[in-house]
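First, one chain by itself: the form predicted on its own, in structure tokens.
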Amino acid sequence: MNNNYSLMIHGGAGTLDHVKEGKDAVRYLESIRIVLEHGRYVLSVGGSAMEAVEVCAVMLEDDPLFNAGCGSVLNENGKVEMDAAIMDGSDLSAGAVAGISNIANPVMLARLVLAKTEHVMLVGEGAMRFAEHCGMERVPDKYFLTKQRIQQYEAAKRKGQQLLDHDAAGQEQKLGTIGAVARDKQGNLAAATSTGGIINKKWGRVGDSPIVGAGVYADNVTCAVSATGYGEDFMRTVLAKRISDLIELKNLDANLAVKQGIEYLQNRVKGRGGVILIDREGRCASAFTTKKMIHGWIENGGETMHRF
């Protein structure tokens, strides 16, 4: 067994034309680097893959650069509704929440669903009551109402459009989700995703992020996958599970599996977005149909890498 650890994270896909060389690019890449190094420490001292993906997702949720947690976009009513999921590849256990608000770290609530209930997903008010039962503090609306998100929401309202985050109305948008996948020293895999969804989305809309097999999947037999992009495309193709099946049924390596998976997404539904993956051997791979995807990785304990 490979006793090294591997970690990958992502922070959204799209044209990212608003991120030029210089200050903006440095902010994104430095955030990715810091999160990866924190995850490296967790894994290097023997922490589990589940611990690593949760802590990395929490850090990304706490960074307003990304469309999750405090950086979440606003729905048609000017409110935040967030989705998140986490999955353990050792036994296929999973926890997910959808349509929640006033929770700083939705991925932590998803982990509690996994750990403390017999269910996989809780939604809306039921999820919020469960959070209260678990002692999770609610944070005020103002915690989420950043200047950038309010401007995006107002632009979307003026245009009468539903937009994907971090771009101007009428342009191809950044498709916002954050995610993490990991393989620990024991060979266990895990995956997590979290998102605020789409700007000006319909009240109650849920994307792929909390859907096991669509936006997140982990199985020690194959791989761990986290997706980012236009959620409806990933739900219709059940893409994360499809990529896992390519490894199990066709014995593909990590790079070929994500390549074929993304080709299927493009060919079948003209899907927009990308995926990150770590396979059972700790090999890292990514692919996307957009111009860019913010992501970084540490493969088998090696150098920290990040790019658009």
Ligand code: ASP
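So that there is no doubt, residue numbering starts at 1 and follows the sequence shown. Keep in mind that this is a model prediction, so the values were computed, not measured.
Below, we turn to the form predicted in complex with the ligand, even though it does not appear here.
Mark residue 185 yes when one of its heavy atoms lies within 4.5 Å of a heavy atom of the ligand in the predicted bound form, and no otherwise.
Taking the distances in the predicted bound form, the answer for residue 185 is no, it never comes within 4.5 Å of the ligand.
TODO: Report whether the minimum heavy atom distance between residue 157 and the ligand in the predicted bound form is within 4.5 Å.
DONE: Close contact is absent here: in the predicted bound form, residue 157 is far from the ligand, nothing within 4.5 Å, heavy atoms only.
message = I'd like to know whether residue 229 contacts the ligand in the predicted bound form, with contact meaning heavy atoms within 4.5 angstroms.
response = So residue 229 counts as contacting the ligand.
- Task: May I ask you to state whether residue 80 is within 4.5 Å of the ligand in the predicted bound form, using heavy atom distances?
- Result: No, no contact at 4.5 Å.
**Prompt:** Looking at 106, 89, 197, 95, which is the one with a non-hydrogen atom within 4.5 Å of the ligand in the predicted bound form?
**Reply:** Filtering the options by heavy-atom distance leaves 197.
- prompt: Picking from 123-131, 203-211, 217-225, 148-156, which part of the chain touches the ligand in the predicted bound form when contact means heavy atoms within 4.5 Å?
  reply: In the other structure, the partner sits against 203-211.
task: Within 4.5 Å of the ligand in the predicted bound form, which residues of 66-99 have a heavy atom? Give them in sequence order, or say none.
output: Just 67.
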